[in-house]
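Here's a solo chain for you in structure tokens, the form predicted alone.
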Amino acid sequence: MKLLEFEAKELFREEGIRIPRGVVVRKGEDLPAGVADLGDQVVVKAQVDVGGRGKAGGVMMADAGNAGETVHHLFNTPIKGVPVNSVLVEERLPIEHEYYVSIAIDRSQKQPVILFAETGGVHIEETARTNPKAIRKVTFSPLLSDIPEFLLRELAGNVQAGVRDVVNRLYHVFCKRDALLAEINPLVTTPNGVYAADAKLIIDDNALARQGIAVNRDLTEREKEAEVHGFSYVELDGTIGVIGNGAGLTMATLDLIDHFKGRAANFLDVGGGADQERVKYAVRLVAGMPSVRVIIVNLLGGITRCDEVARGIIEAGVSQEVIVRLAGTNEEEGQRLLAGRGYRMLESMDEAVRAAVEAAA
């Protein structure tokens, strides 16, 4: 789950990373009196989960006297189509230099990877594209509680010790908060010290309960419903609904759809031992996606009984065509039930996927 900037900054502050003084204004609220204490010039930032927020007009400079007008403007200006429901008003820092630092997981090495650049800000993507050598990278064992000093020197060179200290503290946040990404862009030096002028933090969805977060705000309503039923579910942008049992089989189905030039609308793994009710909810959930023209159900019956699957498909009673490939326990009974209701049940996965792609087209 992605945290908003002010939420991430509060966690950074708790770890000893300095952040600018600021106040959060929510839509419908008056400008807090505390804005007057932020200085003559302030930065007004839309709190939205979009990339390139600054370039899209979501970060604006303002005098303290007209901060209210700027806040009102942002509340009435969607940023890349996303409505603004909260705004962060911060002191404007006397920036001397901007850096970039981020920590993520290198999945190939199964270790944290830290990226650092001596130029940060809104043009970091351009820097990465035109001068990739300007971004330094190190990986190290996640068993270490601190980044070794020699790696910090390799990463950050001869920058002041305060910058290296913030990089290490950011690593503490990354570990403590079960993060998939912790980023400061820009990390700035000022006459008064080093500050995180911006903040990004993405927490692993699987760790939300441990982090005390009850609701995953990033989920769509359909994804929330899938979570209630215990489905592994991801929404995509195609027209073919996909239901499988087991992540490997479901992914293989998606790969075949792509191979036959189709586009999957989702990934849904009902898990092992799915009964009639579970299959019914899965089919209805996928059928509820406006883009879905056809649904493929591809299940192997081990502990899952094919006749239970067939009954669930029939009871779902959706309007889209459902193409089925079942193999395993009670396969013949499943075939008999589906054939009696006019469903297509094909022998192989290749045949079923090809038929679904043709039906969607």
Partner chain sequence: MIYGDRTDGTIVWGATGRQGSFHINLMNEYARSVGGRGVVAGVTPGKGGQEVCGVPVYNSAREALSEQDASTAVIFVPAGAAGDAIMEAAHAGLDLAVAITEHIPVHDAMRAIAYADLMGCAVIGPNCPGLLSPGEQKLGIMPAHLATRGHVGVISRSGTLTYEVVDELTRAGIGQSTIVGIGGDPVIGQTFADVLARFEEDPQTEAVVLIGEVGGNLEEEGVRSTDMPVVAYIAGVTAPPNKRMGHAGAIIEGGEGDARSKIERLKHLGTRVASRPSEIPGILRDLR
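What we label the rigid core is the largest C-alpha set whose atoms superpose within 1.5 Å from one form to the other. Numbering follows the first chain given and starts at 1. Quick caveat, the model's predicted, so the values are computed rather than measured.
Not on display, but discussed next: the form predicted together with its partner chain.
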Listed residue (118, 227, 165, 204) with a non-hydrogen atom within 4.5 angstroms of its partner chain in the predicted complex: 204
Candidate from 287, 134, 95, 234 lying within 4.5 Å of its partner chain in the predicted complex - any heavy atom: 234
Answer with yes or no whether residue 2 is in contact with its partner chain in the predicted complex, where contact means some heavy atom within 4.5 Å. no
Using a 4.5 angstroms cut-off on non-hydrogen atoms, would residue 311 count as touching its partner chain in the predicted complex? no
Is residue 130 a contact residue for its partner chain in the predicted complex, using a 4.5 Å heavy atom cut-off? no
Contact label in the predicted complex: residue 256 to its partner chain, heavy atom within 4.5 Å: yes
If contact means any heavy atom within 4.5 Å, which of 73-81, 276-284, 152-160, 136-144 contacts its partner chain in the predicted complex? 136-144
Even though the chain is shown alone, can you say which residues of 344-361 have a heavy atom within 4.5 Å of its partner chain in the predicted complex? 347, 349, 350, 354
After the core is overlaid between the shown form and the other one, has the C-alpha of residue 263 moved by 2 angstroms or more? yes
Comparing between the shown form and the other one on the rigid core, is the C-alpha shift at residue 335 2 Å or larger? yes
Exceeds or equals 2 Å, Cα of residue 236 between the shown form and the other one, core fit: yes
